[in-house]
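The chain below stands alone and is given as structure tokens, in the form predicted on its own.
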């Protein structure tokens, strides 16, 4: 007996709705639906109140029939065939809320639909219901109004986190408001998008108004006159349609983009980390989906490029966050075509000889200027009347070499390995001696090194003598220690007796300058 596999409807609704986390995805879905409904204007209002936040989307499109309204609430039952998001998944994001109210006017009828507590019911394993009522409306009265109350994102919807700037960047980066379709179709319908936030959310302006068209920063082929003349350079690359064959048939990719410096790129909208949002983007419905920067050759930094490659034969995941048919011949061939195209773009003489060379010369000037400034600061910091005082091991060794010019017994460094516990081997009176090296003698004890591991401790000075006396009183590594600063020795008694000589470089230099030796006690 043959049987059909069964679907847990509640779980499917729950899973699909759960794929959407960002409340701004409500706006993305609503804009797509409004455009598909032929709207020329859509107004998005977000209100914050103690009773819960409301997101209201109103458009002047042709509205929904009763069957369209059924598809709006159904899962995977879209009546659309050649439009944005025709899978019927997108509107399920509205289910993550406390209440959905739809009013839509179509062909002289107004349908009013209400669904209460959809998210709560899904989580109670109950399929939510909605109620529809119909009234007459005057002919020509069209449009749709959707009100979502109490939307639940992953961490709770907090309208206070929204700003006009944030929404504007999201619109231009993630939704049809950032569409590149107008580059390829002069007749593409322009849709005005208005966003209205409560003053308590953002009172920096009355409204945000934009369109459904992405534009590039103003073209500037010549360098600026400033310190970094390439940063505002920008070149547009006109729309290009490329048809290509693959195992599943033939497809078309529509590419448009720009190359520009940092200041030019800063004029583009971004959503997320600005520095990683450039390069080459795949798009469907002329809305960016995901990057394919691997189509750029390795010797080109992706950040200079901003290209959008639209292919309607790409298949997207339900939340439109990624391409689903990456294993297909279509996807692989598309990437090959893009790589070929981008290689030709990267060979543009303007890019290689004007823009990159201008940028390189500015970087070299900046590096030289930085080095000069650093050296000048170091020279200014040195007062020739100040007594030299080392700040690290290498400078202690440098001071030792300097002291050899005047004192009778020369001590030279035969080997120095900074990463070794006992780093130096000194030649002292024709004898090789292993040696620790410190700026201050106290560092040897603070670093907890054993006293029997070297013949000598080379240091600039003793450091805090009270600390050394403390070790004498309390012992060191289970033995007795005597620090004889008069004879420059450390005598360590444990099972055996071991003597470590101390060489204080500051005293050697003081001697050659006829200055009194450091008081040792």
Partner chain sequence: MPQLKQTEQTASFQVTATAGDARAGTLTINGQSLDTPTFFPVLSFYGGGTKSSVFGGGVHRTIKEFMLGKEEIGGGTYDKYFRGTMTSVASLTDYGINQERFNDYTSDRIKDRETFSDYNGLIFVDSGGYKFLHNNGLDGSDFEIEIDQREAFRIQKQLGGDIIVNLDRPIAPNDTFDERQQKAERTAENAVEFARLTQTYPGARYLTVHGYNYSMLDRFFDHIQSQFGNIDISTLFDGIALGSLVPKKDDKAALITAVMDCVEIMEERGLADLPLHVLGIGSGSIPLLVAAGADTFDSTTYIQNAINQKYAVSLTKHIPLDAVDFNQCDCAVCSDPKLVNWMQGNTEYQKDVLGPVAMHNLIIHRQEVRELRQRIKQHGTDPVIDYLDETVGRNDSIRKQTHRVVNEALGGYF
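Numbering follows the first chain given and starts at 1. Quick caveat: nothing in here was measured; it's all calculated off a predicted structure.
Below, we refer to the form predicted together with the partner chain, which is not included among the displayed structures.
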{"property": "Contact segment among 339-347, 226-234, 420-428, 209-217, judged by heavy atoms lying within 4.5 Å of the partner chain in the model of the complex", "result": "339-347"}
{"property": "The partner chain contact at residue 297 in the model of the complex, heavy atom, 4.5 Å", "result": "yes"}
{"property": "Partner proximity in the model of the complex: residue 106 to the partner chain, non-hydrogen atom cutoff 4.5 Å", "result": "no"}
{"property": "Contact of residue 169 with the partner chain in the model of the complex (heavy atom, 4.5 Å)", "result": "no"}
{"property": "The partner chain contact in the model of the complex: residue 433, any heavy atom under 4.5 Å", "result": "no"}
{"property": "Heavy atom within 4.5 Å of the partner chain in the model of the complex - the one residue of 240, 121, 99, 246 that qualifies", "result": "240"}
